[in-house]
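The chain that follows stands alone, in the form predicted on its own, written as structure tokens.
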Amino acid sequence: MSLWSEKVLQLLRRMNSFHSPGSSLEKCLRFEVGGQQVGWVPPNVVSVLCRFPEVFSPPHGGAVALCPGLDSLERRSAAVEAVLQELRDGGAFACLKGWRNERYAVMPRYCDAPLMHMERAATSLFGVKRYGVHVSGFSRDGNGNLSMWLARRSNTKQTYPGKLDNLAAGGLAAGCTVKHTLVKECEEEACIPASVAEKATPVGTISYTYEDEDGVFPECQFVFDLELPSNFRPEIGDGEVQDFYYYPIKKVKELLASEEFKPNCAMVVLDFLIRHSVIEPDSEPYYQEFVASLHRSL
């Protein structure tokens, strides 16, 4: 196995750690809302939720559920929000220090109607699915050679400061469409006009579930390719990015095996390299493992 392949496999294993032997999966309780599972609650979180019996029913049958009386999106969202604010004020969980006042929709599958809304910073405590949009910006020269735009995250970002990122990316807030989020993030982060951003092509999703000290992270990213004119230059917008780089695809591939990338952005780039035949099954023995690891069931 090449060192590059080993590094990429390590990345993919880390990003799918919740499904690995020895993970907390067997210890977690299902999180149920309205009789439907929407997440996984780690044991240390379950013990804290038991202090709020008016919101969370006692653990039963391997699950922790919202009380049946909370029977609407509005009631559920308000009740859980009150609990989370109390836990935030009390310093119960470190992840709540990153409170963003940004709500995510909570539902069993993306195609389902939301059962409630939840503060983004709290979603890992309940292991609810998070969705986002990532844009791979690229160009070709006269010979068809690929180059890709990468962003360097600001050093003041709450998560992965200073790491390499895709051209534009962002979480899917409650009530926002994928297309709206795509255009908004392109405009805000890279000053890409809506007329250009709207030409991005949807090319699929990547999905994975990892865990760390903040909880469980089942995530799905809607992936877009945006082919740009060779003279195009993104500009720093809202300050979430400190620099942009335009690299030949060979250099981008090399960087994947470094610690330079925000991990899920590296997965988006890996997906791009596979789809554009930069990585091929006859030259990469772990091709199938790569593909499977980019599309794990949530």
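As the structure is a prediction and not an experimental result, all values here were calculated from the model. Residue positions are given as counts along the sequence shown, with the first one as 1.
Another form exists, predicted in complex with a further copy of the same chain; not displayed. Remarks below refer to it.
Checking Ala194, Cys191, Ala82, Val178 against a further copy of the same chain in the model of the complex, a heavy atom within 4.5 Å turns up for just one residue: Val178.
The candidate spot formed by Arg13, Asp282 and Tyr287 is fully in contact with a further copy of the same chain in the model of the complex: every one of the three has a heavy atom within 4.5 Å. Among residues of the shown chain, Tyr160 is not one whose heavy atoms approach a further copy of the same chain to within 4.5 Å in the model of the complex.
Using a 4.5 angstroms threshold between heavy atoms, Ala94 stays clear of a further copy of the same chain in the model of the complex. Though the partner is left out of this view, Gly98 does not reach within 4.5 Å of a further copy of the same chain in the model of the complex, counting heavy atoms only. a further copy of the same chain in the model of the complex comes within 4.5 Å of a heavy atom belonging to Tyr131. The partner is not drawn, yet in the model of the complex one stretch among 85 to 93, 146 to 154, 118 to 126, 217 to 225 has residues with heavy atoms inside 4.5 Å of a further copy of the same chain: 217 to 225. Residues of 65 to 93 include none with a non-hydrogen atom no more than 4.5 angstroms from a further copy of the same chain in the model of the complex.
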